[in-house]
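First comes one chain, alone, set out as structure tokens in the form predicted alone.
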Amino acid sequence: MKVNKIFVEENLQGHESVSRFCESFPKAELHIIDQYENYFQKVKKPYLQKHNNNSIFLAEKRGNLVKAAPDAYGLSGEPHYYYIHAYNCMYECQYCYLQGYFQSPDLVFFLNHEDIVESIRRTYSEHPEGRMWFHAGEFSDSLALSHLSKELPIYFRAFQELPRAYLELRTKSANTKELEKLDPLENIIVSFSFSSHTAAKKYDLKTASISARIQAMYRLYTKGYRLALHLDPIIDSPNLFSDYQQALKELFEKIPANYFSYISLGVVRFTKDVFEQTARNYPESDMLAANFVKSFDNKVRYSKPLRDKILYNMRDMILRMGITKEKIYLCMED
């Protein structure tokens, strides 16, 4: 990743993470600013400028630090929340909703993790009984640059003291070095987005390969980490099920299928704006050749019969491979 500029909020100049980012991108111009909101997205920047014109903002997150997750975001029957530790991603998945969400692909890293933890604690206290969930990775990959942000120990210490709270770290990265320095916790689950080798090469641009993700999961498995899978978004193709079966077979040969805490299934979907942005950014992508329709939630999706066929057959496949039905849920489906 090429970074041309690093913007640092003035009250964070002495923060140790600032030094790490600056040392990692020594050619980047350093700019001291008042608040990132006064600069980030103020000039619209095309998404694909991330190829050669990236900026990083190091800032404090203000406002609502923990938000309720939408329906069908995780296992049903329990409250789900997500916290925001960063905006945007170093990867370039063709279907990514971030290309139509922000007006800039620049990366923002929030460094006031203690404030985020305090908000998590307050939310936890509002649910005095039962299990609840917090998710990282909604607006940025939770592991990709964790060796620079170094926030993981802060959350591990916090969740040690929140036994009814479960933390899910969502990722497409193979960067597990920071996790491997920590002792796994029963209530922290590392979940990997997973697809076939073919689909990842076509659509998950600049991410870790499926083979690299399998190796990363295996490293965490040997250390005792709890793991989960997101087969999402599934993109229709002529060899969809055989391609997925081969990748899953490789994974389950290294890690027993039922070791995974849960598996989500979801079919590719877009908001109208993101669909239009994707078509501009990747006009030659065969992902766009399918017949998309406006769906029950106003998102752009495959027709319901095609979605049902994909989800039914994918669910049947992973059941036959050893996953119990209680561990499978459909992500963002009616």
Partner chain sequence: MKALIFAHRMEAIAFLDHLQPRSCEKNIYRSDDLFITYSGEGLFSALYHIQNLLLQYPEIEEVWNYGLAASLNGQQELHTIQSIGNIYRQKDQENMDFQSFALSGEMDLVTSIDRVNDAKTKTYLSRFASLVDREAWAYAYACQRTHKTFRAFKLVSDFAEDLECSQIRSRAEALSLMMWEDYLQRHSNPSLPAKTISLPKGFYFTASLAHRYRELNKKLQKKRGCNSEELLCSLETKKILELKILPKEKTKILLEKMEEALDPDFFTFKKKLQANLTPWKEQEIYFDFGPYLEPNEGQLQMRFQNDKDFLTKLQRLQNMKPSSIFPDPNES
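Residue numbers count along the first chain shown, from 1. The structure presented is a predicted model; accordingly, all values stated were derived computationally and were not measured.
Just so it is clear, the following notes concern the form predicted together with its partner chain, a form of the same protein that is not shown.
> Heavy atom within 4.5 Å of its partner chain in the model of the complex: which of His31, Arg62, Lys272, Arg280?
If I apply the 4.5 Å criterion carefully, the residue I get is His31.
> Its partner chain is absent from this chain, but in the model of the complex, do Asn11, His15 and Leu227 each have a non-hydrogen atom within 4.5 Å of it?
None of them does, since no heavy atom lies within 4.5 Å of the partner.
> Can you tell me if Lys309 lies within 4.5 angstroms of its partner chain in the model of the complex, counting non-hydrogen atoms only?
Lys309 belongs to the contact set for its partner chain.
> Closest heavy atom of Lys5 to its partner chain in the model of the complex, within 4.5 Å or not?
Lys5: contacts its partner chain in the model of the complex.
> Looking at the partner-bound form in the model of the complex, is Lys294 within 4.5 Å of its partner chain by any heavy atom?
Answer yes; at least one heavy atom of Lys294 falls within 4.5 Å of its partner chain in the model of the complex.
> Is Leu288 close enough to its partner chain in the model of the complex to count, meaning some heavy atom within 4.5 Å?
Because a heavy atom of Leu288 falls inside 4.5 Å of its partner chain in the model of the complex, the answer is yes.
> What residues, if any, in 14-51 have a non-hydrogen atom within 4.5 angstroms of its partner chain in the model of the complex?
Read in sequence order, the residues that approach its partner chain (within 4.5 Å, in the model of the complex) are Glu29, His31, Ile32, Ile33, Asn38, Tyr39, Gln41, Lys42, Val43, Lys44, Lys45, Pro46, Gln49.
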